[in-house]
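Here's a solo chain for you in structure tokens, the form predicted on its own.
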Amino acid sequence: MPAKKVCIVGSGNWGMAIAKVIGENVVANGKFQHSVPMYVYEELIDGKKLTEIINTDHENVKYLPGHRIPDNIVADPDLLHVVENADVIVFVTPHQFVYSICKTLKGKVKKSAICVSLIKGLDMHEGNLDLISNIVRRDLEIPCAVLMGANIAGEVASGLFCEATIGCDDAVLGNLLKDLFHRPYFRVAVVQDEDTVELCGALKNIVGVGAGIVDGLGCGGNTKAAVIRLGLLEIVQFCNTFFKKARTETFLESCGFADLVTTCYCGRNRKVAEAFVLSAGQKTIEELEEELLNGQKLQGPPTAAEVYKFLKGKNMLHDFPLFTCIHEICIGKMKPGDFIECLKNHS
């Protein structure tokens, strides 16, 4: 079998971290071509193109400074050139950009290609809530698996041990993707439960905002533990109510409970939500995102907004009080202190 071409669409901090994993694996495994093109949205950093910096210094000095990526990762600002003749397309962009990227790629990818989405978010369209992988499947007309897990980008890039979960209903494709991502420091498990893996990756960011709220209120570890527990209950309930029935064991994979814990202690949604509470109404979520994240995007507040709109349309906000309260705090409809009453009254 000829070696498969892998490409990466996205170059934020998570994109750069996973590029390190992929760059090492394609050299170690004869199934893949060694050169991996990566789509990079072109920016000027101190007057120099970001793509040139990455290809010369092998470091993304804006989104993942201090971490070198393998020399075989080639930054390219031309999206169509990156995906040309690709057999495996790795999507790792903010979920807000998926429609525009798929529109550009529609009809331009190999019919035999497969995608794997590392994007943590949901899409609200015409009253329906949908998975990012479904958008990719419909627009590009090729299979799309997902990879989610307790993965802080800087720690992955540093080679610190962690785990991840691939959701892929096709066992053969799942094994191929495991070959692409599994490293001694990045242990990958494959489960045939795509929807649940992806939903866990999206919904945990809402709970991460809740963890940041209680941190901002100074409530301590016990309260945060309650947020994590109640948040997990609503994640399980949401998966089983609106999507195909989840396998219980999937919630015990890295994509589930582990990612939820990491997000609630180390994630950017927690960080910004804490700052939002501490600002005492002086700054918005959007202002703090711009101030604190150096161009990175939050996923928790927009996902909470999409879930809220979806639940409201079904007259089911009362069934998901944690998700509901978090969104209403983000938009100023409720005060952060009201979150504690929500926790007390959660059934």
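These numbers come from a predicted model, not from an experiment. All residue numbers refer to positions in the sequence shown, first residue = 1.
Below: the form predicted together with another copy of the chain, not depicted.
Exactly one of the stretches 226-234, 195-203, 140-148, 106-114 approaches another copy of the chain in the predicted complex with heavy atoms within 4.5 Å, and it is 226-234.
Using a 4.5 Å cutoff between non-hydrogen atoms, Phe242 does not count as a contact of another copy of the chain in the predicted complex. Not displayed here, another copy of the chain is kept clear of Asn128 by more than 4.5 Å at the level of heavy atoms in the predicted complex.
Using a 4.5 angstroms threshold between heavy atoms, Arg187 counts as touching another copy of the chain in the predicted complex. Under a 4.5 angstroms non-hydrogen atom cutoff, another copy of the chain in the predicted complex lacks Ser133 among its neighbouring residues. Just one of Leu80, Cys266, Met124, Leu173 comes within 4.5 Å of another copy of the chain in the predicted complex, counting any heavy atom, and that one is Cys266. Of all the residues from 140-163, those having a non-hydrogen atom no more than 4.5 Å from another copy of the chain in the predicted complex are Ala150, Asn151, Ile152, Glu155, Val156, Leu160, Phe161, Cys162, Glu163.
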